[in-house]
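The chain that follows stands alone, in the form predicted alone, written as structure tokens.
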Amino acid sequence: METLYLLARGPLCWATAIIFVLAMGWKLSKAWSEAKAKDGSSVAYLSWKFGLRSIFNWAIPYNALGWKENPLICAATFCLHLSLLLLVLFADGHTVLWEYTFGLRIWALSPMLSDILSVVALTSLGVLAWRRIAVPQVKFVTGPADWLALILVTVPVLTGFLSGFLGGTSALTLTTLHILTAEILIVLIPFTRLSHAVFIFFTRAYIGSEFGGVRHCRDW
């Protein structure tokens, strides 16, 4: 198990980062080429001003009409994304990984705060999963790809959270599983629903430019 742990923490980390950057770059390039070929007139209207205005307004909780109509989903979405961002960057074990693998020294959250953020993330994931089961309109359009995205995010968060309460071989096993499932998640981001982590900025810029520059109205 220790050999697998060292492999996951070292070479596989680099392989994961390289695959993610190359795959995401390819997906973005492909999407841009398709957008120009299929909707060139709209692409010509892309505007930094309207694009950034749309991103900014949708990044404020309960500011957009869509957020106001679904207050619970708004709360779960913002809590999930904020807690994941903080955990990925500043969780105690992650800062060690940043320094060991990439030579980056980053300030670390306390273990207690990391545990709280993990609970927030898991609760938010539970709310989003409940919505896909309980809300008929959402259930109708939910497919295997949506459940795969939820599972891919849930497993590394859960294993990372539980590993902090164990010791000895069990902790090493769960930590190794946490790293491996996180690496699988990162590698699959460009090929799954999770690609919205990057594409959301371009989608909002595209919609914001159309509403602001063509329809002369707000998109939030």
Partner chain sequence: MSTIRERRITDQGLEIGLAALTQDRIREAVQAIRNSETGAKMKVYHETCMRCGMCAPACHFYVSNDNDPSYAPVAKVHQTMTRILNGEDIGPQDVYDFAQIAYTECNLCRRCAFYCPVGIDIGYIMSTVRRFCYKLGMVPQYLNDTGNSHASTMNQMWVKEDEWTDSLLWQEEEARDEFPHIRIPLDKEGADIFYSVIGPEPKFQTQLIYQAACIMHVAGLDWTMPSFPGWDNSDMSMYIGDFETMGRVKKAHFDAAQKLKCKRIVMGECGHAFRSVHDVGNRWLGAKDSPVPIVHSIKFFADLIREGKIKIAYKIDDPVTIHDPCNVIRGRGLMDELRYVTHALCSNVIEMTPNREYNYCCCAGGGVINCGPPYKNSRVQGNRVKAEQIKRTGATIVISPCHNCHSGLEDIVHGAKIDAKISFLGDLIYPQMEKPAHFTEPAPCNGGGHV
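Residue numbers count along the first chain shown, from 1. Being a predicted model, the structure only gives us computed values, none of them experimental.
Separately, the form predicted in complex with the partner chain exists; it is not shown, and the next lines address it.
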Does the partner chain, in the predicted complex, lie within 4.5 angstroms of each residue among 25, 92 and 162, using heavy atoms as the measure? no
Give a yes or no for residue 211: in the predicted complex, does one of its heavy atoms lie within 4.5 Å of a heavy atom belonging to the partner chain? yes
So, in the predicted complex, is residue 136 in contact with the partner chain at a 4.5 angstroms heavy atom limit? yes
Going by a heavy atom distance of 4.5 Å, is residue 61 a contact of the partner chain in the predicted complex? no
Answer yes if any heavy atom of residue 204 is within 4.5 Å of a heavy atom of the partner chain in the predicted complex; otherwise answer no. yes
Check each of 166, 52, 31, 151 and return the one that places a heavy atom within 4.5 angstroms of the partner chain in the predicted complex. 31
If we test each of 109, 117, 73, 97 for a heavy atom within 4.5 Å of the partner chain in the predicted complex, the one that passes is 73
Taking the partner chain in the predicted complex, which residues of 139-172 have any heavy atom within 4.5 Å of it? 140, 141, 146
